[in-house]
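One chain follows as structure tokens, the form predicted alone.
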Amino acid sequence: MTEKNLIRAYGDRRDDGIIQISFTLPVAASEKAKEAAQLYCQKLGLTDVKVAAAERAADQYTFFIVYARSPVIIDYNEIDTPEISIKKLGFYELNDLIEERLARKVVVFGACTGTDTHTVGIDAILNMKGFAGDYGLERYPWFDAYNLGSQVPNAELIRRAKEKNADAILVSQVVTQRDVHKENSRQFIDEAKAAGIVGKTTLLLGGPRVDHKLALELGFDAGFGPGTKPSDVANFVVHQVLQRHGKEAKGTHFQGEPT
């Protein structure tokens, strides 16, 4: 039997159960609105509720920040979720590895697909400058990186990638209202299956509401969420390509890699 590891939220001191939550109610800012926010939290099972902030968000909408105590306790050891644990190579090491073992450039296509107009995520990964001092894939001499921008139809991204025999396709989804990111991602996978590239081309999904577990559920090879650096993606793609071509044993650089 696995030993339990019971944990609870930490606010001012360990295991006090204090949490901070924020939400919006469709009412005008007022003392009654604050009371409504407090009652709402109490109905969630929270106690010691304190409305720390109540600000007008728009006509007949108020944004709240609330502190409260939660009775919830979870067993951390019961959680089983897939993760990408990257043993990363440096910029020069990774390029040397591509040259030595693959002897050709790794071809990557990326875009923000569907109606999504936000390119900040895909730009951070692909553009030469990268971000936070971490080079984008365009900067790697042994990568051919194509950034198609925003509002790219799924079928168009796949068609362009197939024309260049792309090793990987990066799909960025920033807009998440009404789970539109999930629906568009499912449509992408449907298009990818129809094009016959699933299992042949590494398919990656990224965005603010994306994690590895969600990406796997939707049919992608991996998911990268907030805080992902270009070098994380570069390393993952390179080792995926090497493994697909039998030039590296599976799992050599990634624990918890999707099977």
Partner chain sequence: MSGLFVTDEQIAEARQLASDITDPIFDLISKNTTISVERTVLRWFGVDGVGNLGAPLVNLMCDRLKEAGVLNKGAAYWYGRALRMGATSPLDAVERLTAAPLEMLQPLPPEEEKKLRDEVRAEARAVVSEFKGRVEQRNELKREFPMAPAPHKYVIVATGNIFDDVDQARAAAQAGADVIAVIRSTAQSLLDYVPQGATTEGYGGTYATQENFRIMREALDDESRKLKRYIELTNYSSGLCMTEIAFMAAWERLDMLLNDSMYGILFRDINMRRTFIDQYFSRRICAMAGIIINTGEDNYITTADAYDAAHTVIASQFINECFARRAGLQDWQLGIGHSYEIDPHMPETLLLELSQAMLVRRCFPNAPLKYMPPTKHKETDIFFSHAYDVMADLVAVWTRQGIQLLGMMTEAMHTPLLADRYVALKAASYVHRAARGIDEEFTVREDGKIANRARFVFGKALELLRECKGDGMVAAIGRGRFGDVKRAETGGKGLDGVIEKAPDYFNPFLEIMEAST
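Not measured: the values here are computed from a predicted model. Residue numbers count along the first chain shown, from 1. The term rigid core refers to the maximal set of C-alpha atoms that superpose within 1.5 Å between the two forms.
Absent from the display: the form predicted in complex with its partner chain. The rest refers to it.
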{"item": "All of 10, 15 and 216 with a heavy atom within 4.5 Å of its partner chain in the predicted bound form", "value": "no"}
{"item": "Proximity of residue 226 to its partner chain in the predicted bound form, heavy atoms at 4.5 Å", "value": "yes"}
{"item": "Residue 180, heavy atom within 4.5 angstroms of its partner chain in the predicted bound form", "value": "yes"}
{"item": "Contact test in the predicted bound form: residue 55 vs its partner chain, heavy atoms, 4.5 Å", "value": "yes"}
{"item": "Any non-hydrogen atom of residue 131 within 4.5 angstroms of its partner chain in the predicted bound form", "value": "yes"}
{"item": "Residue (of 89, 97, 175, 107) lying close to its partner chain in the predicted bound form, criterion heavy atoms within 4.5 Å", "value": "175"}
{"item": "Stretch in contact, per heavy atom within 4.5 angstroms of its partner chain in the predicted bound form, of 70 to 78, 89 to 97, 110 to 118, 158 to 166", "value": "110 to 118"}
{"item": "Its partner chain in the predicted bound form - contacting residues of 11 to 47, heavy atom within 4.5 Å", "value": "20, 24"}
{"item": "Core fit, then residue 65 C-alpha moves 2 Å or more between the shown form and the other one", "value": "yes"}
{"item": "Flag for residue 196, CA shift 2 Å or larger between the shown form and the other one after aligning core", "value": "no"}
{"item": "Large Cα move at residue 56 between the shown form and the other one, threshold 2 Å, rigid core", "value": "yes"}
